[in-house]
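Below you'll find only one chain, the form predicted alone, shown as structure tokens.
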Amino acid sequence: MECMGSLIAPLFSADAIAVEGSVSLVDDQILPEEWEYIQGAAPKRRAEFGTARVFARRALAALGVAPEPLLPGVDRAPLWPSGITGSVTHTSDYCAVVARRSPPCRSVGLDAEEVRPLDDFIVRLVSTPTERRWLSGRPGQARDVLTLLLFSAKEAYYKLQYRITGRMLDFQDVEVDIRLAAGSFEARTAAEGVPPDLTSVTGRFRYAAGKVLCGVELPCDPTRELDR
């Protein structure tokens, strides 16, 4: 079952198309080229892959794009049709897709994480020293949610920048400033080779349905504010 934008639409501009819902095995709904790619995978992987393709085609149809295979590149990221930018995320039981025309949008990034307990190793892995100071002193459940928020914001930013730069960044390469009251975050990086319009990007987050969800987008003209 899918729904249009109930969780992720508020994270993006008004002209973004969001489709989301449960992950299910939809082998009979994917295109032959996609089946050829995924047929040898385990059912869980086929369900994630297929649900994302079904949802993506529904988003593309809303943008007036004819159905076509959405195959992964060598890095496994989806190869979107010309003139479209999009992003996919999924958890064990949830999948979401966002798509926009390009222009006016250069790139989008979307991530969803199920709220769950985290051990100290994960906290150290995903957070910088400055971020750990921000997390310090918070009770366990709040710390876990906020750590997942940092993780999700970085994942959304990674997807946004990767479409443009093709660079793999480490968690320590990006620092996130969470603005809890505003429901927004700023992701910053000083990593070598990242263009100026990607060194500081603002996104939005939500905490809903037991999930942390983050979205970020970059206009083709970095001097123009996004439609908020």
Ligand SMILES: CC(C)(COP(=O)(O)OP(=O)(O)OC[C@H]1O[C@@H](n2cnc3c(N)ncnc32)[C@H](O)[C@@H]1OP(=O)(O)O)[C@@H](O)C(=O)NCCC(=O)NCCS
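In case it trips you up, residue 1 is the first one in the sequence shown, and so on. Quick caveat, the model's predicted, so the values are computed rather than measured.
The form predicted together with the named molecule exists for this protein as well; it is not shown, and the discussion that follows is about that form.
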For the three residues E131, T147 and Y207, which mark the spot I'm curious about, does each lie within 4.5 Å of the named molecule in the predicted complex through at least one heavy atom?
no
Contact of T89 with the named molecule in the predicted complex (heavy atom, 4.5 Å):
yes
Tell me, yes or no, whether L63 is in contact with the named molecule in the predicted complex, where a contact means a heavy atom of each within 4.5 Å.
no
Hey, in the predicted complex, is P104 touching the named molecule, heavy atoms inside 4.5 Å?
no
Would you check, heavy atoms only and a 4.5 Å threshold, whether V174 touches the named molecule in the predicted complex?
yes
Segment assignment from 178 to 186, 27 to 35, 198 to 206, 42 to 50: heavy atom within 4.5 Å of the named molecule in the predicted complex:
42 to 50
Under the 4.5 Å heavy atom criterion, name the residues of 158 to 176 that approach the named molecule in the predicted complex, in sequence order.
Y158, K159, Y162, M168, L169, D170, F171, V174
